[in-house]
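Let's start with one chain on its own, the form predicted on its own, as structure tokens.
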């Protein structure tokens, strides 16, 4: 079955393109139920994109929830085999508050998870597929990367409360150097250390420009290891043709209770927020009792609706009018010929009110007659 791009919406087109992409790299489709026990999401609520969860009572009284996330269910079902790898992708509907409408919505979501023995190749492959996912959706895209190992190393040098650390991380995510300096001053953090965080906020741009600034922070062995990972990943992506599609940006800060290592966010023109988010989430694996590593991402297909919201010029390409004398078989043949190349054809006896069409045709005496062109 061939589906024409003119018929499919942006999100629907993306599902087919991304599924084919992930299969080419050896990922197997993961299928899951529409719901989980509500307590499961309560225990891991910080990992969820939003707070809203739709709940209902099962026949036995147990409180269930329509799934707002797929990654958690994949991790829950994963077998703890640290020496092997599981490469999974999914096309699932999740139920959450849409960033577009701010109401509960059934949302198409796709993504992948690489679980098991995570090495530099695994991380690089996942980041590459994140870039390729953006490329499959739009010609104009950018992937921003950071590494929580650098941020974690700097945080360990600060003698501040956990509450202040959370505030500092929030300021870094908001690119707010004034907030960082203010919090550090109140906590009596030496200026030399607080300025390193400020440097991190400004560390944005091409990897070749940013990596030397990160090394100049001299934040210790953990940070140097993280910087080396960033260097290998970004250099590899540059080598395979994506030099102009990646930036290092330390405002990409995912929840440090769950994520560790590389994190990233993807953007396309026409949508003001990131449509792709991911990273390495070993801490989530530990929290759920697994000793394996994991890295993955999700593409938020509901946001692609913003690309479909521009008013379409026409409701149909051809409005075809026919009468009671029309031969059904011949009429079907005529409509099939008109629609063969993806042209939208609406065949009716009466012209609907306020319909917009490119052409108005009539089927009369076994033939087609042009009545109007345009509206």
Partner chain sequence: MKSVINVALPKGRLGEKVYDMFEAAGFDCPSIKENNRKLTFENEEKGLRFFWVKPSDVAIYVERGAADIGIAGKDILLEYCPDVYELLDLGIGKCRMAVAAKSGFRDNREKTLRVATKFTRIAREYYAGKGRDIDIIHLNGSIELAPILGLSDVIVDIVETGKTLLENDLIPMETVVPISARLIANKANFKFKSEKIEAIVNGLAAISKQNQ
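Residue numbers count along the first chain shown, from 1. Given the structure is predicted, the values throughout are model-derived calculations rather than measurements.
Below, we turn to the form predicted together with its partner chain, even though it does not appear here.
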| query | finding |
| --- | --- |
| Its partner chain contact in the predicted complex: residue 77, any heavy atom under 4.5 Å | no |
| 4.5 Å heavy atom contact, residue 142 and its partner chain in the predicted complex | yes |
| Close approach of residue 177 to its partner chain in the predicted complex, 4.5 Å, heavy atom | yes |
| Contact flag, residue 220 vs its partner chain in the predicted complex, heavy atom cut 4.5 Å | no |
| Of 162, 83, 269, 192, the one that lies within 4.5 Å of its partner chain in the predicted complex (heavy atoms) | 269 |
| Selected contact from 157, 235, 117, 251, since only one has a non-hydrogen atom within 4.5 angstroms of its partner chain in the predicted complex | 251 |
| Contact stretch among 270-278, 220-228, 289-297, 109-117 - heavy atom within 4.5 Å of its partner chain in the predicted complex | 270-278 |
| Stretch 202-226: residues contacting its partner chain in the predicted complex, 4.5 Å heavy atom cut-off | 204 |
